[in-house]
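Just the one chain here, the form predicted alone, laid out as C-alpha cells.
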C-alpha cells in the first residue's frame, strides 16, 4: 500500500503542498486532480523520491521511498521524456536497466507490449521518427516495462485517438486487476469517472475534496433533470431552486439546487406534451470540480 501522511513541501517561503494525506491500496486506481499549480507534480515527485517532503511521511508497503523501492515504481509524465535519437529498443534497454532488469527480460517484455499496442514494426525505429501518438505509446510502455507495483499516470491519453485510448484503458484496468496501485491524473473528467473509485482534488496545494466518488456525488446537493418532450421552459425557470434550463440536442437539461425541487419541476413537466423522459441524474465530476475549485480543469 502507498501511504502519504501529512506531507508538506516548501520552496523557500512558498508552500506548494499543504498537509496532504491519502492511501492507495493494491488494485486501486486513485484520482489525483487539480488545475496547473495545484501541487500535483510536486506530489508526484515526492512519491517517486525525486523530492523530499519538508515534513510528513511517504511509504510504499511500509518502507520509505528510496532507491531500494523505486524499481517497483513507474511514472508516465505529462511532458515527453524520451531520448528521441535512440531507437525504441535502445530506449527500453536504457530505462529497463535503470529499473534493475536484465536485457533479455527487457526485450521480451518490450516485444509483448509493442505487439499489444500495435507498433511491433517500430522496435528498431528512432523515436524522433514516430508520430506524436506513437511516441505516447512508447512513453507508456517505458513506464510499465518493469511491471510496476505503483504506477503514476499524468495525462496518459495525450495525443491519442479514440482507438488507442481504448488500448490504454484496457492495459490500465488489467494492471489494476493484477494488483498494481495506480495514481491517475487527467483533465478529462469522464476518464477519471471511468477509472477512479476514490480521488482527491487539490487547490493551492491543499485538499478541497476527497473520498469515494459515489459518495461525493451523492452528497453534492445539486442535481440535473433530463427531459424529453414539449415543456414550458419559462414556467420551469420560475421555480425556486431551478438554477438553469438548457436545450441539449433533443433534450432539456434542468439544473436544480437539491432534490426537493424535483417534484415541483415534475408538476410543470406533467402538463407538457409527448414527454418520453424525465430522468434525475447525479452531477458530473466536472461540475463538482468547478464548484470546488472555482475554474475548469483545462491546459
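Positions refer to the first chain, counted from 1. Owing to the predicted nature of the structure, the values given are computational and were not obtained by experimental measurement.
The next section is about a form of this same protein that is not shown, the form predicted together with adenosine-5'-triphosphate (ATP).
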Problem - Proximity of residue 41 to adenosine-5'-triphosphate (ATP) in the model of the complex, heavy atoms at 4.5 Å - result: yes
Exercise for the section: Answer yes if any heavy atom of residue 274 is within 4.5 Å of a heavy atom of adenosine-5'-triphosphate (ATP) in the model of the complex; otherwise answer no. Expected result: no
Problem - Heavy atom of residue 35 within 4.5 Å of adenosine-5'-triphosphate (ATP) in the model of the complex - result: yes
Handout entry: Residue contact check: residue 290 to adenosine-5'-triphosphate (ATP) in the model of the complex, 4.5 Å heavy atom
Key = no
Practice task
Assess the spot marked by 110, 115 and 157: is adenosine-5'-triphosphate (ATP) within 4.5 Å of a heavy atom from every one of these residues in the model of the complex?
Solution key: no
Practice task
Scan 78, 193, 71, 171 and let me know which has any heavy atom within 4.5 Å of adenosine-5'-triphosphate (ATP) in the model of the complex.
Solution key: 78
Exercise for the section: Go through 1 to 27 residue by residue and record those having a heavy atom within 4.5 Å of adenosine-5'-triphosphate (ATP) in the model of the complex; state none if no residue qualifies. Expected result: 11, 14, 16
